[in-house]
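Next up is one chain by itself, shown in structure tokens, the form predicted alone.
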Amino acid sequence: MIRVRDLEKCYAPARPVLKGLRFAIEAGEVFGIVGRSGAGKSTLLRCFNGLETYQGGSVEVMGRQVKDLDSAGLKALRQDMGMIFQHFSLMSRKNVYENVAFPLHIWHTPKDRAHGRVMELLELVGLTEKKEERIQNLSGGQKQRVGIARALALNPKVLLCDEATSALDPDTTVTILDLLLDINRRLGITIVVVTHQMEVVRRICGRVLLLDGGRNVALGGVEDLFLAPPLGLEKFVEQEFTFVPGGTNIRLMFPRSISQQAVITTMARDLGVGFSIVGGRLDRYRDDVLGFLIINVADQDLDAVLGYMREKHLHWKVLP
């Protein structure tokens, strides 16, 4: 669906933004791009639909080399790529129905077909009863639902989401993410999510690319990176905890294969030792609940505990 090879992007010779990126996004997947502010996430996303140019490498989208497209080719490409934004980018002078219908109007879709499509999309995002509502009267979540419906108006094959939930409260974020995942499953549309929020990636993405300074720091399945996060991803995975003085702190990960097991209780019983639980968390990863615990182990019990975890093939890391 999208192939990126040795991508280089600079705003000026001394200002490289993207450096040698190489990866692929497959049709029908939900793909996350994460990183700190200024890492190049949004710039990369805009290279996909030709809103940004680049100086080296290639971006191939649905078999088309983006840098080789003329204005007509870019227009056709963007017809196949919907986009939703952090701050909605809706037209305040138009109502909900008119905002969703706008792309269809631009592409001269016959009125009867356009009306049917708009009503279909409003039902999909749960806003049928709001079709005549002014944009300024909507909540943030409702505005983003309008943005999603508008982005889907032309039946795109790819949906680009640029920090689409950053302006929303946590509860509303969850409802929007669940809507996007439902759209992916029902329509088979490829979704690319740019975000600095790991909870977004955990909830809907199958794979994730971590950018740092425009470089690819990590690329892989969300659960795999969660179980063994590289240095740049650790701050997205775990919180800061006040560690117990003395002993050794160990982060014990709970993938889907053991998330329902009483690992700590069983280990304590089998070894006859006790632990201090420093902290931890559980999170939803698409259809699974995964998480980790940080435990503190007394010095005299450390070898036995590490041996037990190796024997049971548990996922763990000794923390500094």
Ligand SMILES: Nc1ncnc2c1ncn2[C@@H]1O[C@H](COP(=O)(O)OP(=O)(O)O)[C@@H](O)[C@H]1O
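Since this is a predicted model, take the numbers as computed values, not measurements. We number the residues from 1 along the sequence you see.
The same protein also exists as the form predicted together with this ligand; that form is not shown, yet it is the one meant from here on.
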The stretch from 39-47, 262-270, 23-31, 54-62 that lies within 4.5 Å of this ligand in the predicted complex, judged by heavy atoms, is 39-47
* For residue 305, is any heavy atom within 4.5 Å of this ligand in the predicted complex, or not? -> no
Are any of the heavy atoms in residue 17 no more than 4.5 Å from a heavy atom of this ligand in the predicted complex? yes
